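The chain that follows stands alone, in the form predicted alone, written as structure tokens.
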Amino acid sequence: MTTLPPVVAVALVVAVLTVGVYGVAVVDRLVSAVVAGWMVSAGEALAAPLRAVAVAVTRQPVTTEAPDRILWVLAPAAYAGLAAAALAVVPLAPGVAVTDVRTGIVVFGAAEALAIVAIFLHGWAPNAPLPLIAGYRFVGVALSYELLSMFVLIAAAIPAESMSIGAIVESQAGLWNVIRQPLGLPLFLIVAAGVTFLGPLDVVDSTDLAGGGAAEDSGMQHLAWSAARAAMLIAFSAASAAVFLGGWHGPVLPAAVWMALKTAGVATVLVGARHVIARVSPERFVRWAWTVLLPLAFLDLVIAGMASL
């Protein structure tokens, strides 16, 4: 697999994330309208993200007393940067990768783990109670996500006999992992919803904390945090498409188109879950994660190992 030159690689990651963030905002607008029973035209949905940007740019920011201003800026930047790093190890087409590393799933997992730090720092920075509570609460449940992710990604790497995501995609030429390991994709989508704190697993910016980590955000701060969340969602969607849905494999259409369609499909499912599935309390999720989801992830790993014998 060909590794792209640094300038081209950076431009590609920025382009994919920019288009992805805009697409997530459009889909979110459409899904929220359908759930609420509103009539929204395609033009209005396409224009909604642009209006939100214009409002954020022109709105005067509101700050708290004695915030850590540097962290308030760096936290969303770090979160978005980690999304870019995670996306960089996901091949977007055959023979093309931003960075082709043999330990791709390890790099992706490291980006997941460091995202915990960025999310906590975002809660710490405003020097306000609700964001701080949200940050600590996420740290309290994040280990559950990380263990699930570790097991299902290793299980997906076993048939490929490699931790390179490109090799994992190639190993699915005859049979996708979503068929070979049916537990893997649902569990990984739970991880994606947890790390991006969407819908049922929103323990950070949730309504029970009046916005939680984003309660004190306004203007460009709010826009930056929302964009960083959407960027991480795109990174997880691309990884799901590559690791479990065969990546670029598919009939008739060009390989890159298949990868884009699968990524968009996963992102749409995750955005839809935000609007149609009720939020689960952190305590209940942690209990279910350790007693049900983690054993299922371990079972997925055992199944993958036995199938490779």
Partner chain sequence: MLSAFLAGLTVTAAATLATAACVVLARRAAGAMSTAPQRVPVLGGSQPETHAWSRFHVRYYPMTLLFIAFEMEMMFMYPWAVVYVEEGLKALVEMGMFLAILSVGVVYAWREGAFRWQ
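Note that the structure is predicted; figures quoted are calculated from it, not measured. Positions refer to the first chain, counted from 1.
Form predicted in complex with its partner chain: not shown, discussed below.
Under a 4.5 angstroms non-hydrogen atom cutoff, its partner chain in the model of the complex lacks Gly194 among its neighbouring residues. Residue contact with its partner chain in the model of the complex: Ala125 places a heavy atom within 4.5 Å of it. For the chain shown alone, Pro91 is not a contact residue for its partner chain in the model of the complex, no non-hydrogen atom being within 4.5 angstroms. Its partner chain in the model of the complex comes within 4.5 Å of no heavy atom belonging to Pro186. Note on the partner interface in the model of the complex: the residue among Leu233, Ile190, Val204, Ala157 having a heavy atom within 4.5 angstroms of its partner chain is Ala157. Taking its partner chain as it sits in the model of the complex, the stretch 205 to 227 comes within 4.5 angstroms of it through a non-hydrogen atom at Ala215, Glu216, Met220, Gln221, Ala224.
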